[in-house]
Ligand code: ATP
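Only one chain comes next, encoded as structure tokens, the form predicted alone.
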């Protein structure tokens, strides 16, 4: 039978701790707000909260469930469900023995770790030696051994002033900065593997997102739209308490016009430049500070370094951010699995049927602009904005 745990140790992302005092305090306030919003939605509000430098300690009757929920809060490096006791060495020892009784199996190697902040009549090494000795004495019939190099289980004691917390688990958080510590951005979210990962990476740096999905029906199908909206919902699981507004842009008629009036080899470039212009208009409307895409160097013909410069020319008011610029596909897929979008992004869906067979990989900007004049790009942007749809994915 597991011992009852009554606390959760919340550790801040390492970058928060090295910031100046004002910035660090602001990040801590945002982190606490986001943490409480996340737990409030799951009806896991803690009974008490203690804030210390680099830590938040929660008192709760659902320590393990609470800790698991907090692994999706940006700004948290790790969390541990724990048992609280006083900083008296005898109290620490008794609590540790209770935990060891249920957590350390026969003939296993264990290690003791101690982190201590404050003034105490003992050192961290004293704690480790005392706890290790007492565990071997109390559980001598289990043939345990101390293994400081490759232990089967680590029992940790975190002593903070008059309190101590004993735990055996450290659950990894996403790290980064608290969501909302940086300005909002709009993201061009296709629902494929790349753009959700790019979105998550800027969220990790503190930026709330507003997704924009460009619907290319009839050159794609409903499965493509469903996939994109599901990836948006998955991303919003990392943003509890923030708006879940998503734009849908109807782009099928625009693609048809491009196919009919522009050189085929420029099709994808013209479509993406159109998307950039639309995204800028929405960024202005939303009070955002930039546009995020999932483009990586060489991933597609439109993403050669030369063509990326051609694409950038279409953006005149906001920067285009490409978090995945230097990533390869394997690295992107690994992140997609981590954040939970990979399975959604790889569902069967109809790819865009308007892509040219021989796309330009080194397009001349002057020729692309001439093509835009022929198709009436300004009119296309205006129509796309006026016919756009917004969804609340709560």
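Residue numbers count along the first chain shown, from 1. Since the structure is predicted, the reported quantities are computational estimates derived from the model, not experimental observations.
This next part talks about the form predicted in complex with this ligand, which is not shown.
Stretch-level contact check against this ligand in the predicted bound form with heavy atoms at 4.5 Å: of 160-168, 185-193, 107-115, 232-240, the positive one is 185-193. Site annotation in the predicted bound form: the residue of 275, 89, 282, 262 reaching within 4.5 Å of this ligand with a heavy atom is 275.
Think of it this way: in the predicted bound form, this ligand has a heavy atom of just one of 303, 156, 77, 80 within 4.5 Å, and the residue is 303. Using a 4.5 angstroms limit between non-hydrogen atoms, residue 299 touches this ligand in the predicted bound form. Contact check for residue 293: a non-hydrogen atom falls within 4.5 Å of this ligand in the predicted bound form. When contacts are judged by a 4.5 Å heavy atom cut-off, residue 131 does not count as touching this ligand in the predicted bound form.
Contact check for residue 200: no non-hydrogen atom falls within 4.5 Å of this ligand in the predicted bound form. Looking at 195-217, the residues that come within 4.5 Å of this ligand in the predicted bound form, counting any heavy atom, are 195, 212, 213, 214, 216.
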